[in-house]
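For reference, the chain that follows is the form predicted alone, supplied as structure tokens.
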Amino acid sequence: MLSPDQVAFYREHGYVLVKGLLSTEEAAAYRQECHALITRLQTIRDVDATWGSARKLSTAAVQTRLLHCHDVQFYAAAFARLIVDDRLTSAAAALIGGPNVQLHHTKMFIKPPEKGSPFPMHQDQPYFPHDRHSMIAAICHFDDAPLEKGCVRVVPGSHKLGPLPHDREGGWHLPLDRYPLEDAVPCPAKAGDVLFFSYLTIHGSGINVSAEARTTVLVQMRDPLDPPSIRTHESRGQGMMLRGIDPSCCTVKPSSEAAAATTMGGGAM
């Protein structure tokens, strides 16, 4: 799916925008699924995921909102198909550097028009650290995300800095005065584009001041042989294989007792 130049760009800069990975028709269908899901959910629970730190970037006149849902593949079959789409997983495999791609979690984000919440600059690593840092994110854009919609911004090459200390108040984020959003490189995208980046790449996004919502689904993926450094941010779908196999399930031979129990275990067939 990716060219050698795209993979080399990712290795150097810590991100790559893959244009047209999904068709505009597919993106429109996924957008409809996202908005239908959030309509159903907001009748039964709070769906606002605005960071406390992001509220500091709001003005008194505009208090921003961010609508979200974790583990979207459990709410609509369309998203289950998306996360195993060969175009997505083959690109992820090329960037992770191996044939096997394992799911960590998914998140849907809708930035409402005129007041869609920003994300202060941060790395994803503090939320779910892993030993080998194979974790990558894929942000699937289901409508256009120009600068005025609060598109993702990145600091190219920042993945080479390794894990950085973050402020925890109001959500993990880097010091707002040292890492202002406006200094980062914007990554405007079209519907159907997918932005891949390392969980060590510093990134954030601005306020959606446009007249249209910004709709995305984020898929976090890893090498199944890259164990979490600590058990945190666990989700219902974590560990699902999106591509290839999980070699870790066969690295420890069962004891003879366990093997016998497995062989003789009964139950209806």
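Start at 1 with the first residue shown and count on from there. Owing to the predicted nature of the structure, the values given are computational and were not obtained by experimental measurement.
What comes next is about the form predicted together with a small molecule, which does not appear here.
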Just one of I38, L218, I207, A213 has a heavy atom within 4.5 angstroms of the small molecule in the model of the complex, so which one?
L218
Heavy atom within 4.5 Å of the small molecule in the model of the complex, from candidates I83, C140, L95, V152, belongs to V152
Report whether the minimum heavy atom distance between Y75 and the small molecule in the model of the complex is within 4.5 Å.
no
Does R222 reach the small molecule in the model of the complex if we count a contact as any heavy atom within 4.5 Å?
no
Partner proximity in the model of the complex: F119 to the small molecule, non-hydrogen atom cutoff 4.5 Å
yes
Could you confirm whether K107 comes within 4.5 Å of the small molecule in the model of the complex, counting heavy atoms only?
yes
Specify the contacting stretch among 178 to 186, 159 to 167, 95 to 103, 122 to 130, defined as having any heavy atom within 4.5 Å of the small molecule in the model of the complex.
122 to 130
